[in-house]
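Take a look at this one chain, the form predicted alone, written out in structure tokens.
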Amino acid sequence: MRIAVIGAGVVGVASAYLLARANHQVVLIDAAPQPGCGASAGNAAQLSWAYGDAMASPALFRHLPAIMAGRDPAFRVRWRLDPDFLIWGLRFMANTPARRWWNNTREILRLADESRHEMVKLLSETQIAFDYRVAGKLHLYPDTKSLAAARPTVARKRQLGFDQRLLSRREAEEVEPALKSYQGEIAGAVYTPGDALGDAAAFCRHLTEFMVATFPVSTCFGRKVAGFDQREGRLSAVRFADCDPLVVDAAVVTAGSLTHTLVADLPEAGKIQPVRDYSLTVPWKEGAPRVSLTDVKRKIAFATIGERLRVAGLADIEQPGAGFDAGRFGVLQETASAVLPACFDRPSEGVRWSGERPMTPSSQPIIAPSRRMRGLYINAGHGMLGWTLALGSARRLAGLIA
């Protein structure tokens, strides 16, 4: 079967790989000139196999008044009179109760575990290089109250088979000595030794090269999809804005923040809203952390990718295509410099990035056929966990098409 995969970020490239491995002929399409130019270009790099916590949670619900009043620098919501946005917001609120939050989190963790198994298989099959390593991760909690609140979730995850441990600050410093000079409050940490990291953009580039050389995979970059042609209710071709249609048997939309532009043929895309975040990548310096860090209070994440250190964070729910906001990036930079001043003393040497991540109200991605057109599928809505869930989502998609 000839299948078009629309979107060459981590989810799209992973989907193309597993479909090609299942003996399909694949055409990988993206409006950018090469793979991994969108949300995959500057993400937090963390492969959080054991941290698939849904964003809509009881803790976030309690914090909503501060967010709405603009008192939380890490979150920003810009309300607009858009029916899809308002419905999304109501659905998001409906997912904040504890039971729904845990049900969503548990399902995300199962999908993350599928991704972990697929990653092991991919590494053995391809030998591609993207600075992958099992770095472990420390979630840093600022006070004893927040650390105690994390204990029940750690216990639940341990029951599911995940290795997570509660550590004191001293124990966390033994795991990551860079924390001895960390300027933020640390009452303790949750340590996940099996979590990994990797350069998502390099993954996209090198896996695409491997696929083109190994499987019946072709690429179509620099082309924006305008819609789909159908015959008797079944997809027959992918339509472009500036060239002839591409005849295919099926198509998968993994186009991230651009998914909403295809909602006419793919109504499931209406359940997705973009969340914008930011990152700064600087040269690694002696004394910088090697273990991945997430500062729970400041909602920023640090990862060492090869010889680079990246900080990523913020979550802005706003108009699609709002673009880079220098003021918001300044918040991230100042926050990172405050806690690791020696690492970010020359921000001009770094690479600034901002991107949109499509997210569902439940934080669970949509992996499903279109209810409007046979042969059309969606694999999108992963939010901040696209890199973590990409291979598991691709595995489920390939099974669905099979």
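All residue numbers are counted from 1 along the displayed sequence. Remember, predicted model here, so these are calculated numbers, not experimental data.
Quick note: we don't show the form predicted together with a small molecule, though the next part is all about it.
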With the small molecule left out of view, which of Ala50, Ala44, Ala336, Ala54 would have a heavy atom within 4.5 Å of it in the model of the complex?
Ala44
Looking at Ala312, Leu109, Val291, Leu309, which is the one with a non-hydrogen atom within 4.5 Å of the small molecule in the model of the complex?
Ala312
Contact test, all of Arg21, Gly375 and Ala398, partner the small molecule in the model of the complex, heavy atom 4.5 Å:
no
Which is the contacting stretch out of 366-374, 62-70, 336-344, 31-39, given heavy atoms within 4.5 Å of the small molecule in the model of the complex?
31-39
Please determine whether Ser393 contacts the small molecule in the model of the complex, using a 4.5 Å cut-off between heavy atoms.
no
How about Ala255: is it within 4.5 Å of the small molecule in the model of the complex, going by heavy atoms?
yes
At the 4.5 Å heavy atom threshold, is Tyr17 in contact with the small molecule in the model of the complex?
no
Could you tell me if Trp101 has a non-hydrogen atom within 4.5 Å of the small molecule in the model of the complex?
no
